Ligand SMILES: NC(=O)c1ccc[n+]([C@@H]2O[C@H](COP(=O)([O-])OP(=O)(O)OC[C@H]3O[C@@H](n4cnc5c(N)ncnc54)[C@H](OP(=O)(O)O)[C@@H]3O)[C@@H](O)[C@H]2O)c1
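Have a look below at one chain only, the form predicted on its own, in structure tokens format.
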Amino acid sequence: MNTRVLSNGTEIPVLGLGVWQVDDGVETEQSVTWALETGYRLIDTAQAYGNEVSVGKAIRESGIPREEIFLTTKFYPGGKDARVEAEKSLERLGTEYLDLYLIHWPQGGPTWAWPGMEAAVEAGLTKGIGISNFSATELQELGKIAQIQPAVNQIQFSPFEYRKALVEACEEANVVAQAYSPLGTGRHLGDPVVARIAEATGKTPAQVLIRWAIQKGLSVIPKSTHQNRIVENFDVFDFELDDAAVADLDGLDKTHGTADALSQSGKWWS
């Protein structure tokens, strides 16, 4: 598995499984089990998803040593204390530590929760901390007060949401950008440009979209609850998109290369 080295020295796989909108119970357990059997070693969940218990159960029952799995969860910023909530996540997950703990979105501003995130590191609850859905401006604001700099910024990212300036800001700050919804929750799979490139490469549209994000230097966390698609999404390391294909996919961007994490109308917090 290819990895990126984070600012804290740990390595994050460039491909993982996300479990947003996956029901707690059998659906989550099966999805994580299939992913681990396929070779995934990055599993991404969140307090807001309500499925941490099932993620932890599948990891424990996989027989794979915990240290071989990179486990991420996210602080729900409607809570008050990120360190306390990390302890609750660990109880639900049934594990002693997280590999990465993110602020899920910058509700209430980008800096107030960070001392609690740093306290979670100091308490040994997580190896790394980071953010999600933070714009370049919010990342810069956080950097001014942080004692521990964020290691990751998880963002909505695909050829259609090619947040080029935001990725560049992350790179400049030594923050690894991580792509969620790389398939547009399925919306992008039928695009004719994507389909043409898929046909030319002998790959599926999903594989083309995931490969594009990996070639942009991101860690990518597609979500699926179907075993065949989980396997398909992992099969992206035996080909490379050429410059022409990458340029065609770059041209699909509808964000004008924005440094924002989401458009104002797309934000679900105030």
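Residue numbers run from 1 along the displayed sequence. Note that the structure is a prediction, hence the values are computed from the model and not measured.
There is another form of the same protein, the form predicted together with the named molecule; it is not shown, and what comes next is about it.
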Identify whether the named molecule in the predicted complex is within 4.5 Å of every residue in the set R4, Y101 and Q149, based on non-hydrogen atoms.
-> no
Name the residue from A165, A173, L189, A119 that puts a heavy atom within 4.5 Å of the named molecule in the predicted complex.
-> L189
Since exactly one of P115, G94, G78, G184 fits, which has a heavy atom within 4.5 Å of the named molecule in the predicted complex?
-> G184
Partner contact for I221 in the predicted complex: the named molecule, 4.5 angstroms, heavy atom | yes
In the predicted complex, does R229 have a heavy atom within 4.5 Å of the named molecule?
-> yes
Do S54 and the named molecule come within 4.5 Å of each other in the predicted complex, heavy atoms counted?
-> no
Look up in the predicted complex whether W34 has a non-hydrogen atom within 4.5 angstroms of the named molecule, and give yes or no.
-> no
TL;DR on 141 to 149, 85 to 93, 193 to 201, 126 to 134: the one with heavy atoms within 4.5 Å of the named molecule in the predicted complex is 126 to 134
From first to last in sequence, which residues of 18 to 52 have any non-hydrogen atom within 4.5 angstroms of the named molecule in the predicted complex?
-> G18, V19, W20, D44, Y49
